[in-house]
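The form predicted on its own is given below as one chain in structure tokens.
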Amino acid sequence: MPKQIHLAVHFPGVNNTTVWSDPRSGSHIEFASFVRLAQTAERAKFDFFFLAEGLRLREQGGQIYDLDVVGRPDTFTVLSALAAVTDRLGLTGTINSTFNEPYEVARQFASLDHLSGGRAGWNVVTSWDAFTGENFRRGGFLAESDRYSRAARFLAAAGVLFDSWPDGAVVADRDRGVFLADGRAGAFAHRDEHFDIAGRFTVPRSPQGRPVILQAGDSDAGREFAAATADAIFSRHSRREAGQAFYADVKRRLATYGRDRDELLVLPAATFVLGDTDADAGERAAVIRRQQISGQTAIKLLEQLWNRDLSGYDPDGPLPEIDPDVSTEHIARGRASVRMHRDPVATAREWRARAEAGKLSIRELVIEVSGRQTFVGSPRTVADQIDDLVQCDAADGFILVPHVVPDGLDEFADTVVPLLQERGVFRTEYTGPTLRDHLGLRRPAATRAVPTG
């Protein structure tokens, strides 16, 4: 029997995948845009809607980076509002474990799970930079090992809070005048090297017991954290060989924690461009890439590797002959992707050689090295590609990122989804009310430890 494909949609926001200047693009702030995309995903029977977070406006060269979408509303506010205008779609949001507190976050997710009837999902991330930390009380940042240590303890503390109310604690028996079956409901205590909290949790156990936990880190520590604690991992490995290697690696790690391979789903981010034919889709994809990488964007992305002001360079001209500056604070702030350039000088030389060999301008080279288009083709070609990658264990499904918001998912929903349904690899109806039902994940039993003393 073929594997069932899981699909989610990402409201993309702050990166150059989104073509905000396209005449078809709408607001990334107005609620109507969130509603439109979520309701399209629900109409297509997707597993969940995914919302990232942005905790500080990015800067480059001391200025706000405004070539991409700037600004992002609060995650819980948006997801709570979407709970009222959707019925089955999972509602998943990114919440940082570096700057927040377990009690506050657990209370918000437990509340969202109640409000949505069991559709909440939490993408647990850590933050790596002091620049973002300046917005928060403690400021600063943590070393990578401490970030994941805090994240693991944060999640453990949240678990204690989620489980502090046993199932059936609220009886509300009017005849007997008894509201609670257990007077210890909500009592908790959690102490470790990061947290020392005790008291009463205010929210009864939610429909899913706990929200679905996603994790998005790709480092060794991030993969280990996901294997130990997550229900799904949001990866960037959407190509066949890289996907299979990542998939095998994280599934292998599960045994260390006494978990089965089906207890962690692998869901890479993926973009798509559709056309009437494969050739038509290829032409559309080329147009979209030039929309995503304007001349200004090409120079700014090049500056992120060179770590220099390159505003005097012509985006239609050759790459700089000078090497990247590796001696000072980075020109781009609040952008995690700059960490991918482990050896900027070596990468710059590789890019120069690539540009010279292909006779590529700065803009053409940046388009080539920053390619973000995963699936390009007719609906049947894209359906074939998605099904193949899932069946060959490169993924369990995909979190799709439309380049136009909020209407960019419509074509996929109307053309690719029916083809996947025809071949029996994607649902035609929801089979349960909760996000765990959609993902085939069990509801976790409460592991309640009533504090003593």
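From 1 onward, residues are counted along the sequence shown. Quantities reported herein were computed from a predicted structural model and do not represent experimental measurements.
Although it is not shown, the form predicted together with a small molecule is what the next lines describe.
**Q** Can E263 be called a contact residue for the small molecule in the predicted bound form at 4.5 Å between heavy atoms?
**A** No.
**Q** Quick check on W128: any heavy atom within 4.5 Å of the small molecule in the predicted bound form?
**A** Yes - in the predicted bound form, heavy atoms of W128 and the small molecule come within 4.5 Å of each other.
**Q** Could you confirm whether F154 comes within 4.5 Å of the small molecule in the predicted bound form, counting heavy atoms only?
**A** No, F154 stays farther than 4.5 Å from the small molecule in the predicted bound form.
**Q** Find out whether any non-hydrogen atom of D218 is located within 4.5 angstroms of the small molecule in the predicted bound form, and reply yes or no.
**A** Yes, D218 is a contact residue.
**Q** Work out which of the listed stretches, 254 to 262, 227 to 235, 84 to 92, 161 to 169, brings a heavy atom within 4.5 angstroms of the small molecule in the predicted bound form.
**A** Result of the contact check: 227 to 235.
**Q** With the partner left out here, if you bring back the small molecule in the predicted bound form, are L274, F375 and P406 all within 4.5 Å of it by some heavy atom?
**A** The answer is no: none of the three residues contacts the partner (heavy atom, 4.5 Å cut-off).
**Q** Let me know the one among F76, Y148, F195, Y247 whose heavy atoms come within 4.5 Å of the small molecule in the predicted bound form, would you?
**A** Result of the distance check: Y148.
**Q** Exactly one of G209, P102, G222, P315 has a non-hydrogen atom within 4.5 Å of the small molecule in the predicted bound form; which residue is it?
**A** By the 4.5 Å criterion, the partner-contacting residue is G222.
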